[in-house]
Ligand code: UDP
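Presented below, as structure tokens, is a lone chain in the form predicted on its own.
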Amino acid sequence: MKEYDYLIVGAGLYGAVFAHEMTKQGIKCLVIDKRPNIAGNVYTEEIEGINVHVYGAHIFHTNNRKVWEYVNQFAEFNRFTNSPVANFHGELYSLPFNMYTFNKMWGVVTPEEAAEKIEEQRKAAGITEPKNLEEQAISLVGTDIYEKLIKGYTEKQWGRPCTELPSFIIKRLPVRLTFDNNYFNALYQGIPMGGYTKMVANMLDGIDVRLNTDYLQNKEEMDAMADKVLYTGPIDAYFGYSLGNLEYRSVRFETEVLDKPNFQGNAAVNYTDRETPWTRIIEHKWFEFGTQPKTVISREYSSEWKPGDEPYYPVNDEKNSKLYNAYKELAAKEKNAIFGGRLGEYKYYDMDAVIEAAIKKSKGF
């Protein structure tokens, strides 16, 4: 008899939800993580009384009522609404693109005038079938908004020209002919009061957790402890990169405490010009309507991933999708291991989708 039924590699959202659901069914789980903390990329750390999103801003939003009710078992959510601001050389614009944006950009006042301006610029660009991100963006919002608010930001984020990026990346771009500053068109939205780490700790309550434990360096020993493994780490690393490295975009953060109560007056400000090296600045206190005397900001820099970096965004182009499918075939042959989550499935996941997928994997819903 092994000590555990399931070894769960990764104490992020996917692993924590899966562990919670399996434990409810009487299945004994051990959760391990190579980091010194639980909660994966949603980890929040308290600095100066402010819950700092250490691995980047995470705003919970969903239209799935079951998922919303599920997370509310573990945390009380505030009413935070994501309304980012774009800064282009000191000019400030509302995001998502809406009537405030169009008024500031062109002086238009009515939705009809805004639609006419976009159509005029789209026609002038002569785009009928958008072949890349640049053409797709211009056909959605016109040349002026593309040049000021999309081009520089996107090229910093992806590290390549917009003409080389596929059009589908920007197809879901919110464009509104209303004065609605809510970025996410979601029925339920907010931030867990007290931070995400507290929420994940509640999910893992009563479950054995070991941190600073690298599964792949101790695989034989760890596998001997449980009948089955749920692996949420990078799928290519699991197989020793035997077929080659999957590619990611990575993000680096420079976080500092400032001896002032307010730095930028908003949780997120995107720097959309090409010259500013960071993509955005996060001011963490505004996620929870903070009143602390100090503030904490994080400058975010996008970079190409290399081994040793933290993998963030899968590059789901044709080459990487093909390589992932080859790894997926290897994974299907693993008798006692299942793979899940952003890194295990090499896909971009919103938080609500991660939670839903983990519950389904545990046969919950």
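Predicted model only: the values in this text are computed from it and were never measured. Numbers follow the displayed sequence, beginning with 1.
This next part talks about the form predicted in complex with the named molecule, which is not shown.
Shown here without its partner, the chain carries Ala11, Val52 and Phe253, none of which come within 4.5 Å of the named molecule in the predicted complex through any heavy atom. Only one listed stretch (199-207, 114-122, 68-76, 147-155) carries heavy atoms within 4.5 Å of the named molecule in the predicted complex, and that stretch is 147-155. Taking Thr295, Gln136, Asn270, Thr101 one by one, only a single residue has any non-hydrogen atom within 4.5 Å of the named molecule in the predicted complex, and it is Asn270. This chain appears without its partner; in the predicted complex, the one residue of Ala237, Leu177, Leu173, Leu243 with a heavy atom within 4.5 Å of the named molecule is Leu173. Residue contact with the named molecule in the predicted complex: Tyr183 places a heavy atom within 4.5 Å of it. Mapping the unseen interface onto this chain, Tyr301 falls outside it, with no heavy atom inside 4.5 Å of the named molecule in the predicted complex. At the 4.5 Å threshold, heavy atoms of Lys285 stay clear of the named molecule in the predicted complex, well away from it. The closest non-hydrogen atom of Ile281 lies beyond 4.5 Å of the named molecule in the predicted complex. Annotation for 302-318: the only interface residue with the named molecule in the predicted complex is Tyr313 [heavy atom within 4.5 Å].
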